[in-house]
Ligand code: ADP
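Next up: a single chain in structure tokens, the form predicted alone.
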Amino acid sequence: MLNVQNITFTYTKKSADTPVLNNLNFSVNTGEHVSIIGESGSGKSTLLKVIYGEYDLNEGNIFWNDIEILGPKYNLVVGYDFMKYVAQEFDLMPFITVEENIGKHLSNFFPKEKKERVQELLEVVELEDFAKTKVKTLSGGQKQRVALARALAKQPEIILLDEPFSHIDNFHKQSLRRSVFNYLKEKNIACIVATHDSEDVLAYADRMIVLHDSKIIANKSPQELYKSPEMPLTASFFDEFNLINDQIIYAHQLQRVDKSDLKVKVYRNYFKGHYYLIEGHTDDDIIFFENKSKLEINQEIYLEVAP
């Protein structure tokens, strides 16, 4: 289990500086998938680096089981064998092949096992056809997949992923996401994912931690936070929403009716595939709702929250 206890971190040691992370507390169980979300600059990436031991804490402690994770002040080499971190900068070896990068830190004393392990991971990240390709010739998305496979090579107990699919095109992202997260569950590897993409979270995370103003403002399951987001920041991560009478109402929760207190004039239609997102204007506000078909501009309609 990972235990993060009362940690505070600033990039400088001046007492007047506002902490990037301020008095954070949470835990991650073995095999658990926890997603960290928040606005840009909220400290998601910093938190992963602190957990990895890349920075020294101002206050607090971090433990993996009974091992305290310490920063560069205490460790000549950053990191621990039981933990891997995949940053947005991949730090690969460009002049050797994909399979050589993945197997770089695997023992050569067991060549058969090493070859099987590399092949297994090539399949997980869907790069079987690029095994013999030198990394320097790969796209950014392919390099990101190599970095994921290399981090998994020695089967860590916990892996930290910073925007793990941000460079990967939509043609591969969905199947790759399923493959990687299912593999982590099968191998009982704890996973912390810093992300801005709700698709990384909803179907896979056991819990979501929401960072805002240097603090944790929510730590619940995706289902709980989706159904009761509590704050606009959380709702905006999931979907289009409205604030109506100080309540957060998702666009899909509004339906057309013959008469209600909420009358809007259609202003714009946004095609979303199997539905349209409609932007409607009231005298004082903008309201978003979903409809199966495009609506006529300036048409006046009534809305209410679906039961």
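From 1 onward, residues are counted along the sequence shown. Here the structure is a predicted model, which is why all the values come from computation and not from measurement.
We do not show the form predicted together with the named molecule, though everything after this point is about it.
Visitor: Picking from 269-277, 57-65, 234-242, 32-40, which part of the chain touches the named molecule in the predicted bound form when contact means heavy atoms within 4.5 Å?
Guide: Going through the listed ranges, the match is 32-40.
Visitor: What I'd like checked is whether 98, 130 and 142 together line the named molecule in the predicted bound form, meaning each has a non-hydrogen atom within 4.5 Å of it.
Guide: No.
Visitor: So, residue 27 and the named molecule: in the predicted bound form, are they within 4.5 Å at any heavy atom pair?
Guide: No, residue 27 sits far enough from the named molecule in the predicted bound form that none of its heavy atoms falls within 4.5 Å.
Visitor: Do residue 287 and the named molecule share at least one heavy atom pair within 4.5 Å in the predicted bound form?
Guide: No, no contact at 4.5 Å.
Visitor: Consider residue 45 of the chain shown here, and say whether it contacts the named molecule in the predicted bound form, taking contact as heavy atoms within 4.5 Å.
Guide: Contact with the named molecule, yes.
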